[in-house]
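There is one chain below, alone, in structure tokens, taken in the form predicted on its own.
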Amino acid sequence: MLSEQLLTALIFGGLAAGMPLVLAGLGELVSQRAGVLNIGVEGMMIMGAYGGFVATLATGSAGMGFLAGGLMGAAVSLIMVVLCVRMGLDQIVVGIAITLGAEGLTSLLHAVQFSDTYPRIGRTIVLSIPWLSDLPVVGRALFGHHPIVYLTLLAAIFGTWALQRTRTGLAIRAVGERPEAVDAAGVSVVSTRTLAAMTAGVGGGLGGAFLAIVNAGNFIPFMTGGRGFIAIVLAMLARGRPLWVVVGAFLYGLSVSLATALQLVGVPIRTEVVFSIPFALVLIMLVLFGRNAYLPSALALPYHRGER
């Protein structure tokens, strides 16, 4: 039977490991709801990781690092906005190009700047919520994290309300379903999709920054390791519900945490198997829930009229 310490470590590690997917997945969900399939979120994550690491290293402030990571993701998302939203080019081709370009660029910059030093970032601050963090087992596991964890969970709750209850949320959902009807109603399809695509960029950049600043404490080329693509899958499986992105990301994080725990307690398991556990979980989720995944009818389809 698992000890309390090990169970606490599993939950804590699951939430921390899943947080980059929550950030990237929430942004991707908004983008998909607006009809923009952001395949380039992996590239936005790696750019956010690099920008966040460099900014934190230069300023000593994790807050500045997260700001830089979000801005880097937003800047890269402008490529998607210009080429796909405004010019109507293929979203999948452009997204793949963004990812390949971002991975190559960050690898080059890292080699030029840090190949001889490989600096690390110090430990980030932890905000322990009074009383709640003292609860047995789940106290420190759920209520002893970096402040951005709590802000992200609040953003998921707010996003659920905003997508369903606000005019902006209605516009985002409508342009993903019937952009021509939205255009006829006087709402700019291009502007709405631009907002959604940039939200995905910010989310991806913040997710990458979290990975580099909080989880790893450094930057390694290709360190996102396919998390951006997993975030795309989670957004599809969530059926437009941000809180389901949180649940899926937490399950992924638990699988990562469990794999690490098995090695620490001496379970004889090959490294290759350990690294494959999270991806096997994603495949299982696709098999179980893939048929019920909801995709907007205008997803990845360019719209050429109604620019206002």
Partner chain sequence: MTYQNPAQTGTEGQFEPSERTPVVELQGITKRFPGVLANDDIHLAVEPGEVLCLLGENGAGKSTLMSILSGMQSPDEGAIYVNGEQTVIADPRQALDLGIGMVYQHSTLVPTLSVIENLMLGASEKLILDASEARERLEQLAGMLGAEVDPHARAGDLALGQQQVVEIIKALWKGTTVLILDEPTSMLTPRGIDELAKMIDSLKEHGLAVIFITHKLHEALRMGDGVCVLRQGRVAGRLSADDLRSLDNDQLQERIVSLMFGDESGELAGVAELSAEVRHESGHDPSAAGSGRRQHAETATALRIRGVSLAPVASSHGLHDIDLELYQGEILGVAGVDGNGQRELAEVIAGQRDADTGAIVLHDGATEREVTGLGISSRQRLGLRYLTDERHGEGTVRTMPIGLNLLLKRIGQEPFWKRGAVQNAAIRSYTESVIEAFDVRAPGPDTPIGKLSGGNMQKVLLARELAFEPRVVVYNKPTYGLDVRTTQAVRLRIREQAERGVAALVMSTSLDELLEISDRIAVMSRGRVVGVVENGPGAEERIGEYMVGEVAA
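Given the structure is predicted, the values throughout are model-derived calculations rather than measurements. Numbering follows the first chain given and starts at 1.
The next section is about a form of this same protein that is not shown, the form predicted together with its partner chain.
For the three residues 123, 128 and 146, a heavy atom within 4.5 Å of its partner chain turns up in the model of the complex in no case.
For residue 236, no non-hydrogen atom is located within 4.5 Å of its partner chain in the model of the complex, even though that partner is not displayed.
Contact check for residue 220: no non-hydrogen atom falls within 4.5 Å of its partner chain in the model of the complex. Taking non-hydrogen atoms only, residue 103 never approaches its partner chain to within 4.5 angstroms in the model of the complex. The shortest heavy atom separation between residue 89 and its partner chain in the model of the complex exceeds 4.5 Å. Checking 74, 98, 81, 174 against its partner chain in the model of the complex, a heavy atom within 4.5 Å turns up for just one residue: 174. With its partner chain left out of view, the stretch that reaches within 4.5 Å of it through heavy atoms in the model of the complex is, among 209-217, 165-173, 111-119, 146-154, 165-173. Using a 4.5 Å cut-off on any heavy atom, the residues of 181-212 that reach its partner chain in the model of the complex are, in sequence order, 181, 182, 183, 184, 185, 186, 187.
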